[in-house]
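Below you will find one chain, with nothing else, as structure tokens; this is the form predicted on its own, and questions on how it binds or moves follow later.
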């Protein structure tokens, strides 16, 4: 893996920074939620201590000690406007936000009763009306026969109530046909039930697909704290009735039993629960900072309720709109993943596990998830007095403020950390690229230290960077300098050896000449002949090294002059035709004069070495070709010959000293200095020389490129 990719991969670990920030924000949100719970508990505690008057909750203290069963009580919703008594539920549906259908009471398969009750009262002490809407499932309706004298002889609605002044009454509502109901108060006189028509109670009988819908209205002034609503399903075959009373199972009664019940008229067990306006006014100031504030009695009936008025201004809307993405991302990554219970909208009774626990005297707080997917906290605190727990206060507030605060902090944190991570990643990637570039350039310099001809370059760039890569560059430069010194030493070694060996070689040669004047045995003469051959071989070696030394000295002391390369090559070519009569010398020379600045003698020596080398490998009567051509910026000089091919392993070492591919022969010594001298001369002209086989593999060609820049 490349260095930039390695650093890029390592830089990904920096993403741990935003992750750590997210965890910090999450812990911050938990702490804020805990703080919100404690703050709300403290607030609701103060409110609960101010609501210790039992009369604010219940009509009598007996309700506290012996509350009736919850399903036998009726809850009256506070209506915003008076109802139209026509038997239709459309105006009740309009009030749906405040009025819900009363739970379906126990009934048979064929007959069921559902009741909804509402109170309309403009002011607390003004006259008002009690409205009832009964939805009855009855497969067989029985209307009151015309001119019927009996008190009960049809299906009817029976309302038993206790008046505010303490007495009790029963009201019967029936009809002879769908339409207006006749309301009568049932009294008992001389052992018989009598009907006293009441004009202040009205009602309407409206048949429906499943039975009948009945809507009633009565003055609120006659309604006390206790009430019971029954539907009497008349059975004409047996002259009996089935009483469906709210909170009770169906009861089959004979007429005498029903008469006895109406004669005794026991007080209704159920209470009429209604909201407490004074209680609502008392808790109203505490609802400014919370979403909702509820007061319930010991059975969870809602007594008071108040909301916070929320104003949505355009700035908040624009802010929430612009940060919607961040809020969504925050909820996705850090949102509350707990399995929260669903908080249902409170209708008339709040009696979940939390309220049951607080009615046992234990304050608590619990988090819910609303139907709109909002996280809300509900804090419940018991209301106590000397009688014990008389109710509870439930304070509900959403976590939007906390979410907004943590969302803002998280958004800024995430933006900053992502910006820092992005900058760091680009910085590391850029630094890695720059470092990789320096290492790659150093690698290229190291590869160019040796030319393709195997020569060391004369200059190695030195870096001034004060780091490890700069130190490595300088180490390469020192190594290159030492190799250059050693190469120069090797190049001068031949001249030094030639100088040092010349004198002892002369001594040996003169000694051998003197020995030839003395009488020697045949065996000694053999040794003398071998010694003389070795001396000649050594002398030839010294002459070759001296010639190379002389060429180097000539190059060092050369005074460049402008000459015609064509004339030199052409003259030397014509001379070679007589020197090598057994070879065919062919000249292919351009018409251009080929002006070149330098030493013409060096060109002649170079051609001598090349043609001599070609003649040694060219069979008799074979051709040696000398070509001179003009290129755009160079002169091209080639010497090719027919003969054996170059060995592949020696192609790049031909121009080194003491390297020869010739086979040893006894008549002439070849020590590999000829092509070495050619290389010295080409280097003087800053040209290039190479050797290769001909394309048709018929021989060898030496190619020399001489730049024109010497002009």
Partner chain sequence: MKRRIAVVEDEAAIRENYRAVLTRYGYDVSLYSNRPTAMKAFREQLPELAIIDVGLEDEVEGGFELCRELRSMAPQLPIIFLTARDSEFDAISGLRLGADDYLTKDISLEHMVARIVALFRRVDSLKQSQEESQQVVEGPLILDLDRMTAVWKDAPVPLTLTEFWLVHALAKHPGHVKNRQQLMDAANVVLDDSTITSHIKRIRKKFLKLDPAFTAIETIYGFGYRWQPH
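Positions refer to the first chain, counted from 1. As the structure is a prediction and not an experimental result, all values here were calculated from the model. Rigid core (definition): largest C-alpha set, two forms, superposition within 1.5 Å.
A second form of this protein, the form predicted together with its partner chain, is not displayed here; the remarks below concern that form.
Think of it this way: in the model of the complex, its partner chain has a heavy atom of just one of 440, 550, 586, 488 within 4.5 Å, and the residue is 550. For the residues 568, 212, 350, 413, the 4.5 Å heavy atom test against its partner chain in the model of the complex is passed only by 568. Taking the partner from elsewhere, residue 511 is found to have a heavy atom lying within 4.5 Å of its partner chain in the model of the complex. Interface residue remark: residue 599 is counted as part of the site for its partner chain in the model of the complex, having a heavy atom within 4.5 Å.
Interface residue remark: residue 298 is not counted as part of the site for its partner chain in the model of the complex, having no heavy atom within 4.5 Å.
Using a 4.5 angstroms threshold between heavy atoms, residue 238 stays clear of its partner chain in the model of the complex. Every member of the trio 517, 546 and 574 reaches its partner chain in the model of the complex with some non-hydrogen atom inside 4.5 Å. Contact with its partner chain in the model of the complex, defined as any heavy atom within 4.5 Å, is confined among 553-561, 613-621, 150-158, 420-428 to 553-561. Taking its partner chain as it sits in the model of the complex, the stretch 605-639 comes within 4.5 angstroms of it through a non-hydrogen atom at just one residue, 605. After superposition on the rigid core, the Cα of residue 580 moves by 2 Å or more between this form and the one not shown. When two forms of a protein are overlaid on their rigid core, residues whose CA moves 2 Å or more are considered shifted, and residue 608 is one of them between this form and the one not shown.
Residue displacement note: residue 211 has its CA displaced by under 2 Å between this form and the one not shown (rigid core superposed).
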